[in-house]
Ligand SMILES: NC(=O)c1ccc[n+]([C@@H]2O[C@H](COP(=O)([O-])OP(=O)(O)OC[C@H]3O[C@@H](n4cnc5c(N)ncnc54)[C@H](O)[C@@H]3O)[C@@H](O)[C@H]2O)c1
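Given next, in structure tokens, is a single chain: the form predicted alone.
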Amino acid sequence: MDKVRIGVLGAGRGAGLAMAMRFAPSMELAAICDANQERLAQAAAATGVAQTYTTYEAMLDADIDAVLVASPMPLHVAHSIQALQAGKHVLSEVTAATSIEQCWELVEAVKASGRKYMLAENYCYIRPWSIVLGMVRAGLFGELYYGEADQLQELKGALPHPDTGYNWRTAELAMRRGHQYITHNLGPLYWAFGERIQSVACQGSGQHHLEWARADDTCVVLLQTVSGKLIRIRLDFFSDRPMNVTYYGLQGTEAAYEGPRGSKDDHKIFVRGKTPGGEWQSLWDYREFLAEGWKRIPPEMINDNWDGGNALMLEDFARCIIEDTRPPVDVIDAVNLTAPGLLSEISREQGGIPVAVPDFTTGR
């Protein structure tokens, strides 16, 4: 197999990822499926794909090797399992699941299928973070012990009142407490630390903007890894303020990193013995640690935001199928990233007490 033929389920978010496939040399966009025929036609025109389907079952019967599941979040597990049972590999949009039971169902389905499953956590592929990861792997950070991330995203306009009918964003992001969308924030830090989360504690500020919403304006999640490393994540989908959805910080015994806090800030690094004491230097001074894959991306397509590394993520998925290797964010990683957010809801409802995260490698 020289190329992985992939079908995209969902012409909304899926169309954007489909556009990035032209920069993933081991992947071929073979089909797009969406029940909305107008949106489907627009996606087909934008991507040039010839095969389009209005039912998922019809696309699963087509000549494709894999499926990109970009349907609404509560359907990710059902659609992933359906594809696995049809003999297709799966690249699923985030989050992996919306309940702990779904997490277990997904793990069991992947194991039973013998197919590849990867979570499309594209925040792991942000270009500046690639430099940070390169430095971590080269030993410049020493021993890591603390990380942090913020998801500050004013989203009120995308959260219709529940009385107007079902909307998955309202149901999952406004009517549930805790951090249900945690994988974007946790994913890059999880890659850096290389170990699963053992416990989760969550506190919230209450709701001050939408009187009908149950979610807090801000919640803060504290996570501890199996070896005792600490991670702090702040979520805010409601406050009126400038957005910042890609802030990360990382602390080790030999180096520290902080992402931009605002539009006039920069990616900052301190390395013991290299950076003058009490000062920061630009992360770009260490661009030699950037992942090799970035050299494939045309300069005009490079951006340092959350979607800049989509092509690298897609190529990684295709290569793990062709080479029969472990996906970079496999099903265990996927539930390790998703479950802490689900369990943060329980912690918040119980006054912030720590809640244990299952070890999904042991079976239930």
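Keep in mind that what you see is a predicted model, and the values were worked out from it rather than measured. Each residue number is its position in the shown sequence, starting from 1.
Keep in mind that the form predicted together with the named molecule is not shown, yet the notes after this line are about it.
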Heavy atom contact within 4.5 Å of the named molecule in the predicted complex, the stretch among 318 to 326, 293 to 301, 41 to 49, 64 to 72: 64 to 72
Among V335, M27, C33, L312, which has any heavy atom within 4.5 Å of the named molecule in the predicted complex? C33
Which one, Y123, Y190, Y248, F141, lies within 4.5 Å of the named molecule in the predicted complex by heavy atoms? Y123
Non-hydrogen atom within 4.5 Å of the named molecule in the predicted complex for each of R169, H184 and W306: yes
Evaluate P340 for contact with the named molecule in the predicted complex, applying a 4.5 angstroms cut-off between non-hydrogen atoms, and reply yes or no. no
Report whether the minimum heavy atom distance between M21 and the named molecule in the predicted complex is within 4.5 Å. no
Could you tell me if H76 has a non-hydrogen atom within 4.5 Å of the named molecule in the predicted complex? yes
My question is simply whether G12 lines the interface with the named molecule in the predicted complex - judged by any non-hydrogen atom within 4.5 Å. yes
Within 93 to 117, which residues have a heavy atom closer than or equal to 4.5 Å from the named molecule in the predicted complex? E93, V94
